[in-house]
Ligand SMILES: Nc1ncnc2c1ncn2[C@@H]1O[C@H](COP(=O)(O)OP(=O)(O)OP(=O)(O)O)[C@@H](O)[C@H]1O
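Quick heads-up: it's one chain on its own, the form predicted on its own, in structure tokens.
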């Protein structure tokens, strides 16, 4: 699959991108799940990892995290190959069930990002408290910092989980379907938050989603997966009939209807995603009202 823009424009000459995925393939249960996937993200860049269920999104995230071995290719974080568990990478998992009766405050969950992988009870310190408070402030979660995490709304829980993932200042933040089960307002709030954090903290953010709509206002590029292959570039470069037809391996229609673009994979292929784009000048795309 031809990569439209595999290297971030934000990466200056001689500077390694925050995340580089180079010709990665992966096999699970004897089945090729990823095929020659390549892309790179620079510091401060936000990308959507888009595809239907079974397209290979979660497998790709696990490869980047070092939890799944690739059969070919390499992953580099800041120019370095990660270890078995990728250092420099923060992660928000797809499903994180929080019992309403769990006696853990939002600030406690964020603090576990500092020392949750160590044995014993962490000793209180001023520096630790200040770090947790700063991260709660960064994700606009101070107002519910002392509430039980299980009693928070879905959008509030996502803010806490993002703070937990970012507290060790990773170069890269991966999020697996963070918008699932959120209402429309919470989706847009979480996406706007992630875009701001990417810019302010100069981290590369990769968001897995089956629906691209909430990401359109903030997305610098899209990594569109189908059948384990990827098309990479700006949204207006990738979501085109000729590009997606090559990706799916058969004809795909991209329909423009009342300011909407609908991708129809058609019979014999994966179920396509319905994608809504507003027609705008240049490459600035906004969600239609």
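Positions refer to the first chain, counted from 1. The shown structure was predicted, so the numbers you read here are calculated from the model rather than taken from an experiment. What we label the rigid core is the largest C-alpha set whose atoms superpose within 1.5 Å from one form to the other.
Same protein, other form: the form predicted in complex with this ligand, not shown, and the subject of what follows.
With this ligand omitted here, the record of contacts in the predicted complex names 55-63 of 230-238, 245-253, 36-44, 55-63, defined by a heavy atom within 4.5 Å. Residue contact with this ligand in the predicted complex: residue 177 places a heavy atom within 4.5 Å of it. Although the partner is absent here, residue 94 sits close enough that one of its heavy atoms falls within 4.5 Å of this ligand in the predicted complex. Contact between residue 28 and this ligand in the predicted complex is found at the 4.5 Å heavy atom cutoff. Once both forms are fitted on their rigid core, the CA atom of residue 67 lies less than 2 Å apart between the shown form and the other one.
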